[in-house]
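Only one chain is given next, in structure tokens, and it is the form predicted alone.
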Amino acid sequence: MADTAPPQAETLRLFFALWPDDATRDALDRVGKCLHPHWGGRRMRADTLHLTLAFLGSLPAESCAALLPRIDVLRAAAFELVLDRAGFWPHNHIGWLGCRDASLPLAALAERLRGELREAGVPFDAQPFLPHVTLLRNATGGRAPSCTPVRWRATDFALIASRTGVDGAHYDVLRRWPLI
């Protein structure tokens, strides 16, 4: 009789994020178009633009299911962000758009979410929260041109699954939670 390997548990590459509505996504994409001629690199596809709150990485699907009831009871107020600061990180060649003035409601949401992850024993990237939307990869950076600020009314946050295809990353919104 041949040995058979036990079935592998399904894993998902996950993160929590603010997921923009269509108008906000279009505005972010326009800023990416504005930065691209100056910084080069590869523009992010509009359908992938988001602001990460907590990156979990690859987790077994059952870990995700156990976490959801904790997130279901998390309450936070809706808020507006003004993304008005273009920046470049030379260590990873990322061109991004962030907030000149940090949003307290955004930071509070990220911290509450990360607190729930810690309490649930779910691993996540615990690096300091630096709110930004990645617009360019493999960019060269340089002086940022003046770009129109993007106003983003955050009314919910989402759990996203990432999968890699031949044409890059694809994101699936698994679930959304309202900000009230």
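None of the values given here were measured: they were computed from a predicted structure. Residue numbers here begin at 1 and follow the sequence given.
Another form exists, predicted in complex with a small molecule; not displayed. Remarks below refer to it.
A.B. asks: When you measure heavy atoms, are R70, R112 and A158 every one within 4.5 angstroms of the small molecule in the model of the complex?
C.D. replies: Zero of three within 4.5 Å in the model of the complex.
A.B. asks: Indicate whether D125 is a 4.5 Å heavy atom neighbour of the small molecule in the model of the complex.
C.D. replies: Yes.
A.B. asks: Please determine whether S63 contacts the small molecule in the model of the complex, using a 4.5 Å cut-off between heavy atoms.
C.D. replies: No, no contact at 4.5 Å.
A.B. asks: Decide whether A23 counts as a contact residue for the small molecule in the model of the complex under a heavy atom distance cut-off of 4.5 Å.
C.D. replies: No, A23 sits far enough from the small molecule in the model of the complex that none of its heavy atoms falls within 4.5 Å.
A.B. asks: Please check if H50 has a heavy atom lying within 4.5 Å of any heavy atom of the small molecule in the model of the complex.
C.D. replies: Judged by the heavy-atom cut-off of 4.5 Å, H50 is in contact with the small molecule in the model of the complex.
A.B. asks: To verify the annotation, which of these, R118, R45, H36, R137, has a non-hydrogen atom within 4.5 Å of the small molecule in the model of the complex?
C.D. replies: For this set of options, the contacting one is R137.
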